[in-house]
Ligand SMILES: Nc1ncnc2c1ncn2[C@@H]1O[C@H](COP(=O)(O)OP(=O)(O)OP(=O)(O)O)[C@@H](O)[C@H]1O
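Presented below, as structure tokens, is a lone chain in the form predicted alone.
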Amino acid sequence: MLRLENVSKNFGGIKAIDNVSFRVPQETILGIIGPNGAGKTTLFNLISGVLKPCKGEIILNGHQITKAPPYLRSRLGLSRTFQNISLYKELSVLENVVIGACTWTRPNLKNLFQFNNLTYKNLLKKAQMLLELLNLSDKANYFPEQLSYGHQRTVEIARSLMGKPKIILLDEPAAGLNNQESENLAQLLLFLKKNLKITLVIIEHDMDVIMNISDQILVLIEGQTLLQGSPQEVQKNPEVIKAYLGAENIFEDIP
């Protein structure tokens, strides 16, 4: 679904991403971990088209997208969420989800929120179905500030799904969530993979989440790949532990 070949990105004399390569098969979850400043978000910016690499290639579902603009990548099935919640506070939950359809529908701004518009009515039905699928149908008419942080995250994911993605990039989706919300999020992401056949790439600091849902994990250190392997291989690797917190085992509490 996604392939990076020898991708690098420099900011002046600083190598933010240095010769990174990896592949993400369809219907799998790739977790990306690394200390702060490792280049994780820069990597997402390169994949989504916010930044252009200095060298290397990015292939999305067989399409060469290295120089493609973000909107084209979106039309090819790439979606992204961000670390900070970015819902429209003045719109209802249902309306926030409908906005995600802009990837594949082109109503003009004048008609987008006219409730007698047939296109918009059809979009509302699809958004309502997604909210029901994600157990948020009872929150459809709420506004984002009325929701828990965990539910706001789920609304963002619903909005991404409205864009008919094949692959979703999630930047620290568990940030700010309590233990129960993190567990609910993990189950939701597994549901997306197994039932909706969506490929996921996830940056995450919550090791419980990332270790329990990832098929493969990519460890970035100072813009370079330290290791790519199974969760078990990553947890046992002394170089990963050392790179994070010296000799302390950050995985010791993970079942």
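All of these numbers come straight from a predicted model, not from anything done at the bench. Quick note: we count residues from 1 along the sequence shown, nothing fancier.
There is another form of the same protein, the form predicted together with this ligand; it is not shown, and what comes next is about it.
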Contact with this ligand in the predicted bound form, heavy atom within 4.5 Å, among N184, S137, T103, Q83 goes to Q83
If we test each of I202, V209, I217, A38 for a heavy atom within 4.5 Å of this ligand in the predicted bound form, the one that passes is A38
Given that this ligand is not shown alongside this chain, does E172 nevertheless sit within 4.5 Å of it in the predicted bound form, heavy atom to heavy atom? yes
May I ask you to state whether Q228 is within 4.5 Å of this ligand in the predicted bound form, using heavy atom distances? no
Residue contact check: A16 to this ligand in the predicted bound form, 4.5 Å heavy atom: yes
Looking in the predicted bound form, any heavy atom of T42 within 4.5 Å of this ligand? yes
When this ligand is placed as it is in the predicted bound form, which of 209-217, 30-38, 191-199, 59-67 ends up with heavy atoms within 4.5 Å of it? 30-38
